[in-house]
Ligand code: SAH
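There is one chain below, alone, in structure tokens, taken in the form predicted alone.
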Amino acid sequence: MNSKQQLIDYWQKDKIITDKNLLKAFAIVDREKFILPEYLEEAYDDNPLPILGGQTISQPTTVMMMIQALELKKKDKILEIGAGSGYNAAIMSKLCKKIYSVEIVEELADFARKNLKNAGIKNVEVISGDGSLGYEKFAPYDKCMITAACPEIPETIIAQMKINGIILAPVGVTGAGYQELIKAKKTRKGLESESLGEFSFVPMKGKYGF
């Protein structure tokens, strides 16, 4: 069983996570509050863990790499697609102003709400609905994190982003087992995209999912 500090030491030693504010956020948020009781001893192992609805909580290194790539700022309004257990949003909540997290699996949305409340986090709102449609009500957003694999970044979400907004999304055919993690910046001419490497995510559900 790893400890929280062992993960922080590993990320710093290998220069995987260099954002000191992000490391502080990880230190503050207890991952054990966002997993199922039977996996408590594995809370800080660098592995994904099963949660409800056949979904998973991503491994800590993946979570941290994705959040770091979003370049969060204190005034940012974030759209998250796929609340999961609420853990991603919990860490991001320490680095930005407000997060709207859309979750299609109702029992997961309830799980995330309960976990966030238990952790005392008040700037995250979990919405039950089809995340592939985004969340028009509070658009435009500064940043968007998509936590499930999508065939392509949905146009509905692109439309809800500010100019120079950043979208992070695992894109690709899930049958291959891996997706390209795409970091895309919205410009007036379209998206400027780069690949951050191959990762494995559960498939996105909903209108523009798999």
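Residue indices: 1-based, along the sequence shown. Predicted model only: the values in this text are computed from it and were never measured.
The following text describes the form predicted in complex with S-adenosyl-L-homocysteine (SAH), which does not appear among the structures shown.
A.B. asks: Have a look at Leu116, Leu79, Cys96, Leu108 for me and say which one sits with a heavy atom within 4.5 Å of S-adenosyl-L-homocysteine (SAH) in the predicted complex.
C.D. replies: Selected option: Leu108.
A.B. asks: Given that S-adenosyl-L-homocysteine (SAH) is left out here, which of Thr56, Thr156, Gln68, Thr61 has a heavy atom within 4.5 Å of it in the predicted complex?
C.D. replies: Answer to the contact question: Thr56.
A.B. asks: When S-adenosyl-L-homocysteine (SAH) is placed as it is in the predicted complex, which of 71-79, 99-107, 136-144, 116-124 ends up with heavy atoms within 4.5 Å of it?
C.D. replies: Selected range: 99-107.
A.B. asks: Has each of Tyr44, Pro48 and Gly197 got a heavy atom lying within 4.5 angstroms of S-adenosyl-L-homocysteine (SAH) in the predicted complex?
C.D. replies: Answer is no for this spot.
A.B. asks: Answer yes if any heavy atom of Met161 is within 4.5 Å of a heavy atom of S-adenosyl-L-homocysteine (SAH) in the predicted complex; otherwise answer no.
C.D. replies: No.
A.B. asks: Report yes if any heavy atom of Ala25 sits within 4.5 Å of a heavy atom of S-adenosyl-L-homocysteine (SAH) in the predicted complex; otherwise report no.
C.D. replies: Taking the distances in the predicted complex, the answer for Ala25 is no, it never comes within 4.5 Å of S-adenosyl-L-homocysteine (SAH).
A.B. asks: Spell out, yes or no, whether the shortest heavy atom distance between Met204 and S-adenosyl-L-homocysteine (SAH) in the predicted complex is within 4.5 Å.
C.D. replies: Met204: yes, in contact with S-adenosyl-L-homocysteine (SAH) in the predicted complex.
A.B. asks: How about Ala148 - does it come within 4.5 Å of S-adenosyl-L-homocysteine (SAH) in the predicted complex, if we only consider non-hydrogen atoms?
C.D. replies: Although S-adenosyl-L-homocysteine (SAH) is absent here, Ala148 would touch it in the predicted complex, with heavy atoms inside 4.5 Å.
A.B. asks: Going through 81-99, which residues have a heavy atom within 4.5 Å of S-adenosyl-L-homocysteine (SAH) in the predicted complex? Please give them in sequence order.
C.D. replies: Counting only heavy atoms within 4.5 Å of S-adenosyl-L-homocysteine (SAH) in the predicted complex, the contacting residues of 81-99 are Ile81, Gly82, Ala83, Gly84, Ser85, Gly86, Tyr87, Asn88.
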